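In what follows, one protein chain appears twice in different forms, each by itself as structure tokens: structure 1 and structure 2.
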Structure 1
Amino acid sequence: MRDIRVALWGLGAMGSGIAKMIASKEGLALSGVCVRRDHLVGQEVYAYLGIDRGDRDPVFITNKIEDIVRRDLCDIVVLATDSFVETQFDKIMFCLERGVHVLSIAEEMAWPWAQNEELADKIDALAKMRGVSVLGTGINPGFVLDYLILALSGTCEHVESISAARVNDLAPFGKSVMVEQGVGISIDEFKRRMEEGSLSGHVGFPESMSMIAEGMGVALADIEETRDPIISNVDRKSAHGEAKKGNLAGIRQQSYGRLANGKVFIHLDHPQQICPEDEGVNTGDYVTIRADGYDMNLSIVPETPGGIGTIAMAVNMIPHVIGAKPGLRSMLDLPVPRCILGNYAEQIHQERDHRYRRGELVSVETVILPVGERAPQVPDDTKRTPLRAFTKGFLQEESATRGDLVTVRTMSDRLVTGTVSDLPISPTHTFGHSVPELTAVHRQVFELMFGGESK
């Protein structure tokens, strides 16, 4: 069984950690690395990371993503860039167009339907068309303040409300997180950026709230967020951020998910700062589920490590993404995340796609109207689905599997380009299952026409 070939897009704090973990695992192979920083281009990635390459092939860092993302070059792309669906959308679509799976650590990708439903539908449609899967995950969102809560709730008969908090250290994260959290800015700068809406704070509360609600079958009528500055009383410094005394060490962000009657069903509290230990603040993850007649309390002290946790979640979910049903997936769709100590390639559980040969009759799919271009009068669920055409024809390429872009020659001698689908060549439709009511009607009609006598 060959190794899973992983292309990495982004080599910051998280990307570098992901690359190191991939290099340490059996059944995974780093097939390419793409960055924006020109000074890294051309460097050998193992040497750059200070890793012994051993007998592995050298991997040279590039700034041309098209050189490393292609179905014959990699099996999956790990996107270690951005926090938002909108800014990562084009990258994801680029990878899907080339028929490879995608795993993203962008916070909003943990539940992209929460704030970017139209973009999520487009990702889902293209992933299904190319026969690959997309997943967003990380430590939070993706685990602590959503998935872990859902897992705990599975032991309850009924849940009245949920409260959870994550008190964590931002020090392991990179520069982009420092900027999002306002680390090092003054209180006046905090107020100004809050007014203009340029201070992100923690990204992912709507996604975590929506994942919990969807997983439990609860309808939230409103989601409210608050942000308050965490002012440092001492000078603090981490590898990627610095907060002088009197400036922001981070932001305390809270979210309240309310039911239609106004009751708070979910309360999430997330004070994030660099080096909290410098002021005697202990980190930890805390969950309280108020069940029917008792409280269930969970404490993880100190916190689940944020940097290591995000890196591990990304790498440990790689085989499960490859083995998943095609489309945009969430953590609720895939197997339980766990530390894989054996061969990663052996953790892929899927049926092997049939390989078609030249001249073989196949079905190809083409999109006539993509998501976002459907007629305005069609139902909402129809708008979220592309209008597709399926054509049967004889394969012109040497070979292909589901999701490959190919050309077929039809029985009428037309050449059609499309994506190999898994639609059966032979018709499989029926008139459906027996309907008891129609059987009763049949008997009544028979009685009226023939008086009950068999003809």
Structure 2
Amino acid sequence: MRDIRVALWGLGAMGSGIAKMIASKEGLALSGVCVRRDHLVGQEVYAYLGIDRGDRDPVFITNKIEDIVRRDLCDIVVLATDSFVETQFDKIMFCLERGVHVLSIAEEMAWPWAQNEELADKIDALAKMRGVSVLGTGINPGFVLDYLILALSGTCEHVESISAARVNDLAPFGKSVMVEQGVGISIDEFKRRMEEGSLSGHVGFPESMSMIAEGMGVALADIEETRDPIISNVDRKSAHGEAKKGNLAGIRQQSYGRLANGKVFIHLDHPQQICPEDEGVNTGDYVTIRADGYDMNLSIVPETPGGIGTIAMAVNMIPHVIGAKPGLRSMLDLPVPRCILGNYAEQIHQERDHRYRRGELVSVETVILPVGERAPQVPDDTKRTPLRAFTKGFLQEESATRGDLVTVRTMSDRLVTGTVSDLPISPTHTFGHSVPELTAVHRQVFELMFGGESK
């Protein structure tokens, strides 16, 4: 089975982690890396990441995306470049135009219909036309405050309300995160920076809310989002941040999804601060579902790690994106994410191979002319392909699955030996997909030749 060839667009903290994870896995091959920063261009990526390249081909970092996103070079592109659908839209469309699958860790792509319905529709239409799939995923949105809640709710008959929190610690992060998240600033400074919009925060509440609502068939009338200062009652200090008593240890971001009657159906809570344990707060992921008159309380303590979690979700979903129906997909309709320890390529065939029994009609493949024995006058790409024949017949062996070497007896009584193929026994015929461009050409030709009003 051929490895899945993955091109990577973006080589920041997430992109580098994804590259390292791909390099550590069976059945995945890094086929190209594209960055924006010029100083990386030309470097060999395994050397840059400090990974032993082994017997793999070297991969040189480029800033020319058109050199690596090509159907003959890669199967899927992992986009680790943006947080927003709008800023990533052109990149996604570029990849789809070139007929490759797309997996994005942009937060808004986890449920792009939430705030970018028109762009989502365009992505969906192009993906379907090119016969490829698109998925947005990550640890959050993508898992903790949406997928995990949905999965847990599956064990409930009737859910009355949902409340979930992701409590994490910013202490491990660097100086820039401290500044962006307002660690250590005063309440007045917080108010000023809220007004000027210079505080960053979690992206993805509307996406998580909408995914939950859509999955459960609930109509949310309103999604509210709030940000409040977390004022420290003690002096807190981390490697790169410091919050004196009375100043901000961080910011608490919350979201309320309300039903038409005004009742809060979903409450999501995401306080981000340094050293929460200094005030007795345990980091963790917490979900409470009120259902059928009882509460379900799920906790993951400490919280699922953010960086590793997003990297792992992205890489672990690769085979499921490739195996999905063409179009813009979501975590709602793909198979359960799981850590794959075996061959990733084998996980694409969700279908367990059918075991044919003696006497069953199967299709076997035989190679008439292998590569190297093709006629000299055929084109080069034909030369690189064996000439194969497919024959239907009744299996002579006790049992067999795809790939087994078997003998079949055809309807005209010939005995043919070949490998069991997965070609369907019953043929299907099409004239290909409708091509809108050809319709336009048809009209133009019609106009030129016969005149008349444009339709």
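The first residue in the sequence of structure 1 is number 1, and each one after it adds one. Each form is matched to the other, and the largest set of C-alpha atoms that superpose within 1.5 Å is called the rigid core. Quick caveat, the model's predicted, so the values are computed rather than measured.
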Here are two forms of the same chain; which is the form predicted in complex with a further copy of the same chain?
2
C-alpha of Ala389 off by 2 Å or more between structures 1 and 2 on rigid core
yes
After a core superposition, would you say Asp38 shifts its C-alpha by at least 2 Å between structures 1 and 2?
no
How about Pro172 - superposed on the rigid core, does its CA move between structures 1 and 2 by 2 Å or more?
yes
Once the two forms are fitted on their rigid core, how many angstrom does the CA of Met194 move between structures 1 and 2?
2.7
Give me the C-alpha shift of Val364 between structures 1 and 2, core superposed, in Å.
28.9
